[in-house]
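First come two forms of one protein chain, each written alone as structure tokens, so that there is a structure 1 and a structure 2.
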Structure 1
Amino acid sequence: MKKILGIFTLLMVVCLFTAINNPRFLTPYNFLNTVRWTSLFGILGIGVCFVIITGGIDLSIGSVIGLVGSALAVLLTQKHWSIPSAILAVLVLSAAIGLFHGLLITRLQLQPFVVTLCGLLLYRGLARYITDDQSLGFGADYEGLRLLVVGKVPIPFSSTISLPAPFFVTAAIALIAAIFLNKTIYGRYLQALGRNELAAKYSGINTDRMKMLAYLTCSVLAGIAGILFALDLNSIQPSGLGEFYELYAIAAAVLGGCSLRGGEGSILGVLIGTALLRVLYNAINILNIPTHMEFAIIGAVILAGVITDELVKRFAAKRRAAQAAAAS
């Protein structure tokens, strides 16, 4: 809880600083746009949270988005599949990718970093191959489907306030994920696996199955996000769709309290971390900071957050050790 309060406080400080320097930050349009993008990236953060909790990593998320978005555009505009069939096909594709990762990591004992790094290259290449490396657009034929992203849902008991549709998609996913991690035995299995895999295995937990579940969840959520990102842009560029998105997802998870050592993570923290990154990106644009400083600023904030987290952990460990020594 202390980590969540800390990252939330930092989010409020950045919001306040940006609003003071440019009141446009508080306009309804800017607010709703930030909420929409936070929701889209939040889906990715939740997915990667599952993997990081197990002590793993997934670097292929951005390329999965590119492949899913490209495949959806090809199936709808070139193959003329029905909307339900096309969406089901790309979700099955993303699930197959997750199972593929899980099998390589559990059966062949390959390192997650290597497996997903190869996936990053492989899926990007496949996306460019199936589209002949050409941009594809949905045109005006799928405006109803695009409401999943660009649509707005009125808030009950209010005739003036509406929230972007992705907000509700992300809220539903976050609620299910939080219940799974905190209220089910399998959620506790995942956290036990991340804390000590050998101990988890000796306690009777099927660690291989839990790892496969984590990578399957991550890829499926990347697939859902890929559909939404593709519909939002309405034009697919296979070489660019989803590029570097895995870094934003991992950064949001780490800022939100997920330990890269595994065994620790919070869905609420991930969402707040995602919001912080999107607000930082928004602040860079609104405050006319050179855009080529974007990655430098975000990287500095992430590094500061990780260093602070490590120092707090060391201080807490020393304090517990001192208290134990004094008690004995």
Structure 2
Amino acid sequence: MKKILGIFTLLMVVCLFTAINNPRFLTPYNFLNTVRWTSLFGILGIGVCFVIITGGIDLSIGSVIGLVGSALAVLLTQKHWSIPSAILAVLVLSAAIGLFHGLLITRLQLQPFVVTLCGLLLYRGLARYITDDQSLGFGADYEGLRLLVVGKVPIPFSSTISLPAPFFVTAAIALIAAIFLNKTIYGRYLQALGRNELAAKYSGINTDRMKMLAYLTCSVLAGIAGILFALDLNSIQPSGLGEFYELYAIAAAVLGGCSLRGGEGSILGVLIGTALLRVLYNAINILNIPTHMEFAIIGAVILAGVITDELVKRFAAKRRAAQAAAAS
């Protein structure tokens, strides 16, 4: 909880700063846009959180998005598959990718970094191959399906505000993920193996199976996000869709309290971390800061936040120790 508090404070500070400098930051339109983007990117963060908890990493997320988006566009617009079968097919594809990663990492004992780095290249190449490297648009034929992303769901008891549909998709995923991690024995197994895989194995936990599950989850969630991104943009560019999104996901997860050493991670933290990144991008536009400054600003704000968090933690630890010493 304390880890989340730090990042949450930083989020609030950035929001406050932006709102003071341009009150239009607080308009419902802008708020809901930020919620929509946070929801879309949040799905990726939740996925990578599972992998990071096991002490692994997934660098292929962006390429999985690209491949899934491209495959969806090809199946729908060129092969004219029905919507349910096309969606099922791309989800099976992303699950197969996750299983493939898991098998290589557990059975062949390859390093997750290497496996998923190769995946990053492989799936991007496949996406460009199946589309002949052409951008594909959905046109106006899939407006019904697109409601999944661009639709708005009115909140009960409020006539003015309706939340973007992806919010509910992500909320459902986050809820299931949080329950899985905190309330089931498998969530405990994941955390145990992330901290000490051998000790978990010695306790009778099938660590390989749990790791496979983590990579499977990560890729399937990347696949779901891939579908949503493709629909949101209404067109896909096989070489660019999802590029670098794994870094946003990993950054959000780490900001939200996941330790790259494994064993730690909180779904709420990941969502707040994602929100922070999206708000920073939004703030740069809202405050009319030149776009070429964005990386410098985002890097600086995050670094400042992490440093402050660490200093506050040390200060608190020192004070607690002093109090304990005084009490004894």
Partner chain sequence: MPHTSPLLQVRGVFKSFPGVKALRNVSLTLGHGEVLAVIGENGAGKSTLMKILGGVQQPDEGEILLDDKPVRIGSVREAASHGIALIHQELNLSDNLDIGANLFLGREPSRFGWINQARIRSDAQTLLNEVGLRHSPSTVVSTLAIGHQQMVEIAKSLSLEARVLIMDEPTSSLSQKETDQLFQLVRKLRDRGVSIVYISHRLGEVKELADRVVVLRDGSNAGELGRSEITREGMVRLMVGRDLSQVYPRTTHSPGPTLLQVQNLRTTAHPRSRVHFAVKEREIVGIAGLVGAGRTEVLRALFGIDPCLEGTITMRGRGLENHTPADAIQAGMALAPEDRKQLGLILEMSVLENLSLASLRRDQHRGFLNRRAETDVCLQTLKQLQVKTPSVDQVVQFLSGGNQQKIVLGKWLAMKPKLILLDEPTRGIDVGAKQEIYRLMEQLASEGLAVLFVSSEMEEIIGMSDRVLVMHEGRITGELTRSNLSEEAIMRLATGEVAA
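Between two forms, the rigid core is defined as the largest C-alpha subset superposing within 1.5 Å. Reference numbering: structure 1, starting with residue 1. Remember, it's a predicted structure, so these values are computed and weren't measured experimentally.
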- request: Identify which of the two structures, 1 or 2, is the form predicted in complex with its partner chain.
  value: 2
message: After a rigid core superposition, would you say the CA of Ile20 moves by 2 angstroms or more between the two structures, or not?
response: no
